[in-house]
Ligand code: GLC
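Quick heads-up: it's one chain on its own, the form predicted alone, in structure tokens.
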């Protein structure tokens, strides 16, 4: 299995028409890092000369925000909806062309993109996201918008994975399909008796197709039928081929062999830049770090934390789940506070963990503060004002918050898995001596291992000159989208060449 970029000599000069298919995009609809990727990667590819468009479900926020829409085609009734139209407009801000599936019965409803207001999954998610893939395949087959036919259909996570099956099995097309696994743990599983709703051949109702332990798996549709599969970091590409991290699909992934690779996510350095960030108390850069101290004190005041210049101020901006290691952090919290740590948390997730964090705040007044919810501007203030950003995940496909931390001189404290292992250099003795350290890493998924890493952070902060050297190294890292965007374009060219030429 390969885990890096495709060969550097792959030609990228010819403009490529690329359709990104996804269920969310920042700032319109966001539940996690997927939305940030879908917002930034297409723009970066456009800047490199590609002809890029998005395809999104017509959620209320999308319908309200996409500008200049016009009808491309009236599709009619399908997937349980009586009226479906395909619209074309432009994204606010970037102006990127975006197709929107206007299907009011399936998409225009209160709640989130995947769940009702009560937190339950929408019972018709199979139809909602099968329609997304079906429309993508018709765009690729030249019978939805003949004025623009993609060379590449790039499907993101299980919500868009049926694009790959429909492209491969339903309609003739010369477009190559790319499937990116953002998080293998979320697989889009549905009852097998709903198979008929998909309109695919019955031979695919088998383990060689979409069947997964008696259910339908949208994730498997992407893994089995995409021309190329990517994950969002090289290490995660290796990990998901193992029993420990493969979520039951490791055999399928190993079976794809060299078709699987890892391309590390980037960040939007225009949005995440402490020198220009309007959301933070005082702007700063690596040469003007006094502004970071001002952000720290402003954050303590805002959150009601004690004005303690000696404290190690640790923040978390995350889903509050066991996958993210939040239970490890909670178990370690009393000892962390005793050692001189202040903790600020923002996120939503498991109700039990949300309640436990609220109780932790009550137990440690002035030392712990918890905000259940998500606020983008607040996230910027948290990252800018902290000393350390904690990402103690049990597994982590890529992670973006540690990249934001590096950019802001807020040293990541991470478990050495997935993209965290690819982006954070532990401040051990050798890395400190070499000047390559950018954060703190631990291996075992235990509170004790987390505490030992935090103790090293506390010790380093007690040596201001050494701490500042690591902060400067962290801020010197460059994780912009231009590099990954070019890697994807090379991968597209490789996949397209193989498909047109009949190769593997």
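Bear in mind the structure is a predicted one, so any value in this text is a computation, not a measurement. Positions refer to the first chain, counted from 1.
This protein has a second form, the form predicted in complex with the named molecule, left out of what is shown; the following refers to that one.
*Asks:* Does the 4.5 Å heavy atom contact test between residue 182 and the named molecule in the predicted bound form come out positive?
*Replies:* Heavy-atom contact with the named molecule at 4.5 Å: present for residue 182.
*Asks:* When the contact criterion is heavy atoms within 4.5 Å, does residue 37 count as touching the named molecule in the predicted bound form?
*Replies:* So residue 37 counts as contacting the named molecule.
*Asks:* Mark residue 262 yes when one of its heavy atoms lies within 4.5 Å of a heavy atom of the named molecule in the predicted bound form, and no otherwise.
*Replies:* Close contact is absent here: in the predicted bound form, residue 262 is far from the named molecule, nothing within 4.5 Å, heavy atoms only.
*Asks:* Given that the partner is absent here, does residue 222 sit within 4.5 Å of the named molecule in the predicted bound form, heavy atoms only?
*Replies:* No - in the predicted bound form, heavy atoms of residue 222 and the named molecule never come within 4.5 Å of each other.
*Asks:* With the named molecule left out of view, which of 399, 188, 133, 392 would have a heavy atom within 4.5 Å of it in the predicted bound form?
*Replies:* Selected option: 399.
*Asks:* Only one of 323, 361, 238, 300 has a non-hydrogen atom within 4.5 angstroms of the named molecule in the predicted bound form; which is it?
*Replies:* By the 4.5 Å heavy-atom cutoff, the listed residue in contact is 323.
*Asks:* Based on heavy atom distances of 4.5 Å or less, which listed stretch (63-71, 449-457, 29-37, 470-478) is in contact with the named molecule in the predicted bound form?
*Replies:* Of the stretches listed, the one contacting the partner is 29-37.
*Asks:* For the stretch 282-319, I need every residue with any heavy atom inside 4.5 Å of the named molecule in the predicted bound form, listed N to C.
*Replies:* Residue within 4.5 Å: 319 only.
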